[in-house]
Structures are given as structure tokens and as C-alpha cells.
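As C-alpha cells, one chain now follows by itself in the form predicted alone.
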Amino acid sequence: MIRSLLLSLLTLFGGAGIAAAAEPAPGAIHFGAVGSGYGQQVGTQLIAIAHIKGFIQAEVGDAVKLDFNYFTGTGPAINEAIANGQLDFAQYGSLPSIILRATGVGTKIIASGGGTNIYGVVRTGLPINSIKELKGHSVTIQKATILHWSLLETLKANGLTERDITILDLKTADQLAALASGSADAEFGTASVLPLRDQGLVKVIYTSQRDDPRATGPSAFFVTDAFAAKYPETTQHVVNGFIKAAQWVAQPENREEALQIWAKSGVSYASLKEEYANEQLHDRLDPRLDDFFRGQYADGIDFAKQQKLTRKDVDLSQWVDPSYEAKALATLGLQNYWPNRDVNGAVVSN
């Protein structure tokens, strides 16, 4: 009789018990991404599309405040903010995120951020027209970023080493100022360097898209372990919004609007149009955690160890959590929207 009474009570109040156990919504969610060093608080990545077009806000509801920060200190500044508990999600490059992971700060990779074209530029007037001619000159980057990796890999491909140049370790905004003032001879950067080219201050001697597509800088979308553990449902909603942004930007009819959104960062529309010329945003900004993405991050982990930027091993299989993305793709019916790629980036299936 007692057992029957208990079963009856569970039946009557089970729904209320489930409702009471529902996940509470966070009051605010804090996002970080890379900024250009000028312009408005908008970047040139997928997260900026999700931000400006409201894809994430629509998923989590208007009651949740979303705080987006675009850091001019790039990866290291984002690492510091995550380590200090100031960010819940971030989209940024592979190398600084690997370094953070190696220190023991808990994050999960929940989507790819796509690739970033990397440019090598030199001051106008200098007799430098190739990577090999950088020997004996100063190059500004921010160390422990994907640009650091790209520079050293490109030097190696051209028969040079780090010892053949002088590296000036500066934040993005300071790099631009150093080039403009003549304190640095060259820079490895993203599309943020193109306005200097448009002003006649620098000339482009290298792009990864043209000269070495495999060196295009990878990025990822991260959530902190603490946030994901406390708010798993909200984390899923955020990933849904991020994937929706990737789908939106992949559609040709949205290309011009996407470029206009990214131009709010201060990088000119003309520069961004050049950045993605002869390339489909569908391909460049593929959000999936496929073999190509994993191969790029595995290379980054090896590079960090070789450069002694990390002391502890990073287990990629434990870091990447594909469950949120898989659920988002299934929910949105996008399982076959992007083609699968092998570790070299070659399409292997549709």
C-alpha cells in the first residue's frame, strides 16, 4: 500500500519535480574574440555574425544579457580573461588556446571558427619583395599567437630561421603603429594590416591563401568547463546560434552583408572583399570539427612543444567535445551542409 501511494505521488508531482530541476538561465554570458585595434566593438570572425545578427540572443532568449568583447591584445589577452573568469565563451586562434590548455585552465573546443588568411607586409619603399629578403630585418608579431606559428613556418619554407630576423613582440595596435612610424620593417598579420596597405604605408609580399593555403590560421569556438558544467542547456543554445551564423554567412546572398558587418571593426570593406576574393565563405568558415580541423590543431600542439611554449602535453581527444555541434547540426538539419575534409583539407565526401 505504501509503495502504491509513493508511486501515485511520483505520478502526480513528477512533472513539477522535473520543472523544478530545469536549468536556471544565467543572468549574463560573456564572449571574447579578436579585435582589429581600431573601429567599433566588432571583429571579423563568425562570432561577430552571431553577435550582430542576433543568432545567439534568439537562442538563449532576451532575458539573458550577452556581453561581447573584441580584444586588441588578441590571443594572450583572451587567455588572461578566461583564466581570470571574465569570459564564458571565446573564438580565437589555435596557438594561444593551446598554451592556455597546457596550463590546466579548463576549456572545451565546441566548434571550428574557420580559417584566417595571414599576410606578410613590409614598409613601402623597402627593397623587400619576398620572404627570403626579410633576412636581417625586423618583423613585428605578437608571440604565442597563430601569427607567430605562421611566421616561423613560412621562414622555414623559405630557407630561413628565427635567427635570421629580429622579432618585435607587440600587440596588434602597437604593431600597426610600429609599421606606420618605421620602427618595424615588416609584419605578419590578418586583414587588419590591409588598411595600412590602402594608405600606401605597406605592401603585401605574402598571403597564406595564395602562397600556402595549409598555413591559413585556424581558430576555434570555446566554452569554459565551468560554464558548460553549470549551464549545459544554455551551452547547447549558444552552439546552435553559432552554427546558424555559419549557415547564414555561407549563403551567397548574405556575402555582402557579412562583409559590411565585419567592416564595422575598422578593417575596410574593400580590404575584406579582397580577403575573401575568389573564395566561398561556405568553405572558409566551415564550423565543423572534422579531420582537417583536428590535423591543424595537432600541428599547433606539436609546434607549441617544439617552441617550448608549453611544458605539459595537450590531449586533443580530451579537449575537443563534438557533442554540442553534432546535436546542433542534427537539430538544424545541416549534417551534410559542409563536405568532409581529410587532414590536408581535401574534400573526401559530401
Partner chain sequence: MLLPLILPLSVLLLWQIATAREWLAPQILPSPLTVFWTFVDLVTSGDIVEGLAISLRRISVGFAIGAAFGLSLGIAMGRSAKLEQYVGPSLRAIAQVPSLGWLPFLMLIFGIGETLNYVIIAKACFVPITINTAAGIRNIPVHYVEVAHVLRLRRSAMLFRLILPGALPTIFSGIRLALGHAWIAMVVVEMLADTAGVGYMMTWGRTLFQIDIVIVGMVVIGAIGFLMDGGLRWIERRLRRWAPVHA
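Positions refer to the first chain, counted from 1. Keep in mind that what you see is a predicted model, and the values were worked out from it rather than measured. Rigid core (definition): largest C-alpha set, two forms, superposition within 1.5 Å.
Although it is not shown, the form predicted in complex with the partner chain is what the next lines describe.
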query: Single option in Glu257, Glu80, Asp211, Glu162 placed near the partner chain in the predicted complex, where near means a heavy atom within 4.5 Å; finding: Glu80
query: One residue of Gln251, Asn84, Asn129, Asn278 in contact with the partner chain, assessed in the predicted complex (non-hydrogen atom, 4.5 angstroms); finding: Asn84
query: The partner chain contact at Ala144 in the predicted complex, heavy atom, 4.5 Å; finding: yes
query: Exercise: Pro195 in contact with the partner chain in the predicted complex, heavy atom 4.5 Å; finding: no
query: Asp185, heavy atom within 4.5 angstroms of the partner chain in the predicted complex; finding: no
query: is_contact(Gly104, the partner chain) in the predicted complex, heavy atom dist at most 4.5 Å; finding: yes
query: Non-hydrogen atom within 4.5 angstroms of the partner chain in the predicted complex for each of Asp169, Ala180 and Leu309; finding: yes
query: Answer range among 217-225, 260-268, 169-177, 130-138 for contact with the partner chain, defined in the predicted complex as heavy atoms within 4.5 Å; finding: 169-177
query: Large Cα move at Leu272 between this form and the one not shown, threshold 2 Å, rigid core; finding: no
query: Gln86 C-alpha moves between this form and the one not shown by 2 Å or more, core aligned; finding: no
query: Asn117 C-alpha moves between this form and the one not shown by 2 Å or more, core aligned; finding: no
